[in-house]
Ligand SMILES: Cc1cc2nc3c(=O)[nH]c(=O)nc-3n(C[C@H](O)[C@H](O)[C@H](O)COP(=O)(O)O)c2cc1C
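We begin with a single chain expressed as structure tokens, specifically the form predicted on its own.
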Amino acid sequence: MELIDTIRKRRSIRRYTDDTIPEETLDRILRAGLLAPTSRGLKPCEFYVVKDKNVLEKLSRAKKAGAGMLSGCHAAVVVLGDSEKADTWVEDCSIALSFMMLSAVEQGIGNCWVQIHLRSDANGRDAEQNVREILSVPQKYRVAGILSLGIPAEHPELHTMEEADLRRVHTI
């Protein structure tokens, strides 16, 4: 598959079957994130792979909305940045999340990015702090997001090339 085809196929998948993801597939997805570029090569990203259904259920409630699919996914990758190592942790973690999303799509794995940074739960409590407490993560780690992973139970249409609105490109 060419990269542009992978990009066109990438959709937010929020419903998954009960099938498991093969370990070698999960390993390839994680390696894509670990190989993602970071500012000055500092590599501040840390990944917590969560498969425990009770923990996934708790994470699904860590923010007010948009995390419900975590309770039904096979696995989730919580992406954290070491804020003592790099002030670019949010950008670095976002790139790692993007690389893992594309790797998952390439391998037929459904996924959805759950924004945690700058979000709160239904009571107004900081979603990052909720995730830190659920996973017992030290305070120096900031939570960028969570990537849900599973065998897709839905198959949305591909993006079309026409959706790439070239009017937003400005050449100087």
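Don't overthink the numbering: it's just position in the shown sequence, from 1. Owing to the predicted nature of the structure, the values given are computational and were not obtained by experimental measurement.
Omitted here: the form predicted together with the named molecule. The next part is about that form.
Remark: W113 counts among the residues lining the named molecule in the predicted complex, judged by a heavy atom distance of 4.5 Å or less.
Mapping the unseen interface onto this chain, A32 falls outside it, with no heavy atom inside 4.5 Å of the named molecule in the predicted complex. Remark: T17 does not count among the residues lining the named molecule in the predicted complex, judged by a heavy atom distance of 4.5 Å or less. Looking at L56, you'd find every heavy atom of it more than 4.5 angstroms from the named molecule in the predicted complex. In plain terms, the part of the chain that comes close to the named molecule in the predicted complex, with a heavy atom within 4.5 Å, is 59-67 out of 133-141, 102-110, 59-67, 24-32. Contacts between stretch 6-43 and the named molecule, counted in the predicted complex as any heavy atom lying within 4.5 Å, involve R10, R11, S12, R14, listed in sequence order.
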